[in-house]
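Next up is one chain by itself, shown in structure tokens, the form predicted alone.
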Amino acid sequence: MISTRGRYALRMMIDLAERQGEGFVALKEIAESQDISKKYLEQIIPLLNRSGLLLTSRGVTGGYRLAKAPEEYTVGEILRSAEGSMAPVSCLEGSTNDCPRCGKCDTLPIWEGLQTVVDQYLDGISLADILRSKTEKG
């Protein structure tokens, strides 16, 4: 399940994508625009910064903006930055499966398939796609 942290991180990134031409956007503005607590966003910022998704500017005109173009971000990338692993079961969380039952697990192919489908879906949607979809809806 995607947590509030992941959902809010995605909403924040969409908000910044919409304001891409405005330069740095104050966190207070994002919080007000998205109706999210500024304190909660302050907890999400380091996760997105660590992944290199944001640029930060301090000072009076400071704030945040996207580090690259909206078409270069996927929903999957943003959610993984905020959530960590998106694996459906714990044995698939790392780069290698260390589960002692992995060689004889009848359900492992199901979980691997689910992870593949989820990753392909989320990595197939960019911030630019979301903005286009919003524009088409009016």
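Residues carry their position along the shown sequence, with the first being 1. Since the structure is predicted, the reported quantities are computational estimates derived from the model, not experimental observations.
Below, we refer to the form predicted together with the DNA, which is not included among the displayed structures.
Contact annotation for Pro109: none of its heavy atoms lies within 4.5 Å of the DNA in the model of the complex.
Under a 4.5 angstroms non-hydrogen atom cutoff, the DNA in the model of the complex has Tyr64 among its neighbouring residues. Although the partner is absent from this view, Ala26 contacts the DNA in the model of the complex, with a non-hydrogen atom inside 4.5 angstroms. In the model of the complex, Lys134 stays away from the DNA, with no heavy atom inside 4.5 Å. Think of it this way: in the model of the complex, the DNA has a heavy atom of just one of Gln34, Ser51, Ser85, Ser57 within 4.5 Å, and the residue is Ser57.
Comment: 41 to 49 is the region of 41 to 49, 73 to 81, 109 to 117, 94 to 102 lying near the DNA in the model of the complex, near meaning a non-hydrogen atom within 4.5 Å. Residues Ser3, Thr4, Arg5, Tyr8, Val25, Ala26, Leu27 are the members of 2 to 27 with a non-hydrogen atom no more than 4.5 angstroms from the DNA in the model of the complex.
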